[in-house]
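Just one chain follows, in the form predicted alone, and it is written as C-alpha cells.
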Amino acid sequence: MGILDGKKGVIFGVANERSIAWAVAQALHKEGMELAFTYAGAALESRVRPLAESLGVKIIVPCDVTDYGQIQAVFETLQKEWGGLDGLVHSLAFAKKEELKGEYYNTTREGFRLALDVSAFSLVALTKAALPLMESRGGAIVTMSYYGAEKVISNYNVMGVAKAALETSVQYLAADLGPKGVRINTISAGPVKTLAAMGISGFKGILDMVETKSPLRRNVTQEDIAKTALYLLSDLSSGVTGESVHVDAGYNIMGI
C-alpha cells in the first residue's frame, strides 16, 4: 500500500523526462496517487503524452495557463471524471531568454508582465479553479521556487522577481485556504539540469558553486525534490502550510 492510495492529483509543468514535475509525478504514482497531466501546445504534447501514458494516466489535457478558458476546461474535466481533487503540482515558469541576461533594469514591460503572469499569477488562477474540487477533501498544493527569489543570482533577473511574487502568493493563499482545509507550500529547489534552467546564462557556474559551497557538497537531483513534494502532498505534512522548504543541499544557509 502507498501513502497516497485513493488520492487524485493533477500535474502542471512536465516538459520532458528531465523535468522536476516528471520526477514528482513518478514519486506520487509510486505511492498510489492517480494522476492527470496537462501540456501547453502540440510540441509539448508529443513529449508529455508518452510519459503520462507510461504511468497509466488517462486524463491528458491541454492548458495554457494564460487562458482562463483552458484552465476552467481542465477542472471541469477533473470534476466530471473524478468528482474531486486531492493534490495539485504547479511547476511552471517562463521568461523570454533575452530577459535572463545583463542588467535587470533593462527588463521590458512586456517581459515583466509575461514572466509574472506565467510564473506567479498562474498559481493564483489554478488555485481558484481547483478549490471547489479540493475543499471537501483536505487537498494540498505544491509549487516550485528557487533561491533567486531571496538573493540576487546573476542573469536570473525578472525570474527572481517572479519567484519572489510566487513565494509571497503562497503565504497569502495559505491564509485564505487554511480555513477551508487546503494546504499550499513552496519547494525552493537547488539548481538542476532541466530544459528551463539551461536557458540561464552561466548555469554551469551556479551548479559548480553549489557543489563546492553547500554543506552536502553536491547538487540536488530531481528525485530529491520529488521526495519533498511527496511529503508536502501527503498527510505526513498535515500541519504544514505557507512554507518555503529549501531542497538545495543546504546552500541557502551559507554566508560568504
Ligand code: NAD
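Sequential numbering from 1, following the sequence displayed. Here the structure is a predicted model, which is why all the values come from computation and not from measurement.
Separately, the form predicted in complex with the named molecule exists; it is not shown, and the next lines address it.
Here the chain stands by itself, but in the model of the complex one stretch of 127 to 135, 101 to 109, 174 to 182, 84 to 92, 84 to 92, has heavy atoms within 4.5 Å of the named molecule. None of Met209, Leu44, Leu216, Ile60 but one reaches within 4.5 angstroms of the named molecule in the model of the complex through a heavy atom, and that residue is Leu44. At the 4.5 Å threshold, heavy atoms of Thr194 reach the named molecule in the model of the complex. The named molecule in the model of the complex comes within 4.5 Å of a heavy atom belonging to Val118. Taking the partner from the other structure, the named molecule in the model of the complex has no heavy atom within 4.5 Å of any heavy atom of Ala140. Shown alone here, Ser19 lies within 4.5 Å of the named molecule in the model of the complex, counting heavy atoms only. Contact residues in stretch 51 to 86 (any heavy atom within 4.5 Å of the named molecule, taken in the model of the complex) are Cys63, Asp64, Val65, Thr66.
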